[in-house]
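Consider the single chain below, provided in structure tokens and representing the form predicted alone.
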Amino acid sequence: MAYSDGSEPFPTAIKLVIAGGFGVGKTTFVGSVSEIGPLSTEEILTSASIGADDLDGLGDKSTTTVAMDFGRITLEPRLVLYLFGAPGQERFWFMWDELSAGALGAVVMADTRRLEDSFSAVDYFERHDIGFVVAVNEFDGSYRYEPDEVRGALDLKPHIPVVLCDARQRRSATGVLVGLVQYLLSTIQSHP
């Protein structure tokens, strides 16, 4: 829809945060869905992280996000999502306030092999009244749980969506984002 002078309106831009525990797939999620080359602050894990980063159950993970990931996806010509991936380690949580400033919503990534690592992100977004969905990243070889089982384990309120995804697959990650936007719109419409 163009203005009367023929110019096109600016698209609606929505800021979203992608958060969760260390090694849950946030960087992979942003990278798989971004239409631009994602900005990533991945650094190689060194001996300095021994004792600080719990690598149990993370296989051959050799890098970690030290600041943020950034990506962009256009869902439709007038709707652009800006994605800010938050670092998962506790020592970097101080950055979450800055990354979340102005965010309309969030995706909390969860790994059922280390589900307890999701509690901090869930608590953060509940405390800051930022709408979120939980996206269970189904890693190869991990046990598959139903969304309601994950909801119960995380003690989530019934209205918070829990979806299954494969962060490596663009279609799957995009589906999570579409679901989040739909959830946010329904929340806004039901609480004007």
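Everything numeric in this text was worked out from a predicted model, so none of it was measured. Note that residue numbering begins at 1 and tracks the sequence as displayed.
The same protein also exists as the form predicted together with a small molecule; that form is not shown, yet it is the one meant from here on.
Of E35, D148, D140, D123, which one comes within 4.5 Å of the small molecule in the predicted complex, counting heavy atoms only? Of E35, D148, D140, D123, the residue with a heavy atom within 4.5 Å of the small molecule in the predicted complex is D140.
Residue-level contact is defined here as any heavy atom of the residue lying within 4.5 Å of the small molecule in the predicted complex; does C165 satisfy this criterion? C165: yes, in contact with the small molecule in the predicted complex.
Answer for V24 alone: is it within 4.5 Å of the small molecule in the predicted complex, judged on heavy atom distances? V24 belongs to the contact set for the small molecule.
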